[in-house]
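Shown here is one chain on its own, the form predicted alone, set out as structure tokens.
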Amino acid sequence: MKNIPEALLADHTTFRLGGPCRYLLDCPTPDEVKQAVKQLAADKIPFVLIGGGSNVVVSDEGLDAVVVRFVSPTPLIKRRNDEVTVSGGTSLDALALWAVEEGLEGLNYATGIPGTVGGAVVGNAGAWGKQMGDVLKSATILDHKGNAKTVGLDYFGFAYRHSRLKETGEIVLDVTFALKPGDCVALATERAAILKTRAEKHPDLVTHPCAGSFFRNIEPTSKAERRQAAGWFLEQADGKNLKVGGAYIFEKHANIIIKGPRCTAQNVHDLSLKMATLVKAKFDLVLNREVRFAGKFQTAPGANERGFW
């Protein structure tokens, strides 16, 4: 565990935005996370946990808290027959690649999705009609007092891009997935096709810092009889032309905000409000964020965040 005073959080998020925190505790293993949380709880010190920083916008002021960063530099994975137990700090894409190489089917949909396994479980991340809850068997979770317990699938209350951990704030230390035997060559071919599709439709985080899709897809309603891409509604509402300061919309995907020159976290916040306002005005639909904001943000007079997560 490494203690870094006044770390700049822009260095630890894919948006590359965000001010400093009091301290950053770099914890690469579940045991180190558990130890850090226990000590912080005992000392009554507030903290925030982050993983790969792929689904968060940290305010320009930063966070008046200790930040616990749970990222494993190398994959921490154990296999027992067709069950796989992995650290919550392991890269989700690294796990997907490992499963391909091991000839295990069930996680290929996670190919190319940034972030950690723990964060993916909390948000029930998914693609191609599949999600984490489809293959999760059990997990070890940690509360904010440092108490750990093992729970099964039913505990999570998985729904579209949601789990109960979003409300409880519990931390995923490790996860066990129940997979199936597969053909390595077929899985590798599928992975290559997914990576190609993602490269054609999604920005490269190195050249276009962002947090991926900003809003959840639209749930079935009278206006959307089945779940539909939020990007379609944004494009129909002329959302691709929006820009606030250095924040702008990705040219290939209306549901992705890009950090441009001199962009601030506040710019991203304000642009997201404009996007949601357009869709509300044109379709009477409320957009809910996939990306979360952390820290203090200003809301312009008259702006309405009602219904946004």
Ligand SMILES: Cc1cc2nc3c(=O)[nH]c(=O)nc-3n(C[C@H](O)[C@H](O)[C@H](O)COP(=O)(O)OP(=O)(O)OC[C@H]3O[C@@H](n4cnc5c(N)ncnc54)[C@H](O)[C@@H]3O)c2cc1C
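Quick caveat: nothing in here was measured; it's all calculated off a predicted structure. Residue numbers here begin at 1 and follow the sequence given.
One more form of this protein should be noted, the form predicted together with the named molecule, which is absent from this view; the next part is about it.
Counting non-hydrogen atoms within 4.5 angstroms of the named molecule in the predicted complex, say which of Val135, Ala230, Leu95, Ala211 makes the cut.
For this set of options, the contacting one is Ala211.
When the named molecule is placed as it is in the predicted complex, which of 77-85, 98-106, 187-195, 114-122 ends up with heavy atoms within 4.5 Å of it?
Contact-bearing stretch, as computed: 114-122.
Check whether Leu63 has any heavy atom within 4.5 Å of a heavy atom of the named molecule in the predicted complex, and answer yes or no.
So Leu63 does not count as contacting the named molecule.
4.5 Å heavy atom contact, His202 and the named molecule in the predicted complex:
Contact with the named molecule, yes.
With heavy atoms only and a cut-off of 4.5 Å, decide whether Asn288 touches the named molecule in the predicted complex.
So Asn288 does not count as contacting the named molecule.
Even though the partner isn't displayed, in the predicted complex is Arg161 close enough to the named molecule, meaning a heavy atom within 4.5 Å?
Flag for Arg161 set to yes.
Those residues of 69-84 which, in the predicted complex, come within 4.5 Å of the named molecule by heavy atom:
Going through 69-84 in order - heavy atoms within 4.5 Å of the named molecule in the predicted complex - there is one hit, Phe70.
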